[in-house]
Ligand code: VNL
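The chain below stands alone and is given in structure tokens; this is the form predicted alone.
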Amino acid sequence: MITKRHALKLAVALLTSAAASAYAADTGPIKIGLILPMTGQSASTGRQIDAAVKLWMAQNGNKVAGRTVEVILKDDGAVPDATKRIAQEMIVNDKVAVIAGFGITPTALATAPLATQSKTPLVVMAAATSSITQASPYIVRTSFTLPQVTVAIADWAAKNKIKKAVTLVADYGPGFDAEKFFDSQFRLDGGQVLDKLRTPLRAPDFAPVLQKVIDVKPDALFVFLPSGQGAAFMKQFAERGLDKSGIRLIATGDVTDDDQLAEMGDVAIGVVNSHHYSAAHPSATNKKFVAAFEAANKFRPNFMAVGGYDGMRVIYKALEATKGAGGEALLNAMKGQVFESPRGPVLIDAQTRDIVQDVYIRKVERVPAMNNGLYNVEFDVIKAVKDPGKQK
């Protein structure tokens, strides 16, 4: 039997332990869990975000509110079960204040329940399905949504002598968003979608769907593919002669990804696309960001990098506001942040916890002033775009 004295000793020990843990939490390092696909098909996403996180910390230091910031990077290979397991270990064992990264939508959705249960803010730096922020009240996004960038290119297409189109998207959440919002906006503007094609998320073969495009003969082919698949698509697009068929290629900026443009070659020149970030964005803030990024990494930043860089900014500024506290206080400090990003002005909407940002219409061009490289050169902008997927 436990005597009163033993019970009292046990209670005192537990309180002492709890107090010691709280003190350690208040004075020890602030841990940020970073879950990225560093291997596998989405490895370019992990490489870009990891580099951007390191650049932010190199420029802004590793201390916030007098405490050291420690980033714990884990590779999930873009496998949702692995993401969930890693996130649980980070929350329970590492006692992270926030989890960030998430290269594709399924990995973010797999982790959402854990964020809610543990009240751990989750910062999505890459995944782009509209519904992600609705999966947990603790999710904040610093990347973009497919509806944001798709509506813009559909509108542009209908106003530029494209009357009939075929859509080709990857067969998962962002692809469904791109297909849906291109179709609805294009038809609203008087266009006609002749066919809707999808390719597998992993190891896609584009030849069969490109043959269907040739058979249908639309004015244009609209394409969304996740970061990392653009070069393979462009190669097959050229191999099947579509670049000389008179069928115009239009896309979201994932396809003409800065990370892969050099591999695509001249077949990409002239492709009109819409997105929220280009390494050629002409602002002083972006020129400084690109110069620092390239000096540190020897490769060009893409839209994934800017999502990671801005994600770290949101985390740091929130930690400063809460003096290192996590949980709901940290989440609330992320909401409503307004700042100048390398991509342009952005806002973290306090109601939706999603990003509001400018969307640019661009054309792939060879730019002599930038080592004669291929870049997405902006020629139009839609200001302060909210996610159309959340607008009623």
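Sequential numbering from 1, following the sequence displayed. Given the structure is predicted, the values throughout are model-derived calculations rather than measurements.
The next section is about a form of this same protein that is not shown, the form predicted in complex with the ligand.
- Listed stretches are 306 to 314, 263 to 271, 88 to 96, 141 to 149; the contact stretch with the ligand in the model of the complex is 141 to 149, by a heavy atom cutoff of 4.5 Å.
- Residue contact check for residue 169: none of its heavy atoms lie within 4.5 Å of the ligand in the model of the complex.
- In the model of the complex, residue 105 approaches the ligand with a heavy atom inside 4.5 Å.
- Contact annotation for residue 83: none of its heavy atoms lies within 4.5 Å of the ligand in the model of the complex.
- Looking at residue 224, you'd find a heavy atom of it within 4.5 angstroms of the ligand in the model of the complex.
- In summary, among the residues 165, 100, 127, 234, the only one with a non-hydrogen atom within 4.5 Å of the ligand in the model of the complex is 127.
- Of the candidates 230, 301, 174, 121, 174 is the one whose heavy atoms come within 4.5 Å of the ligand in the model of the complex; the others do not.
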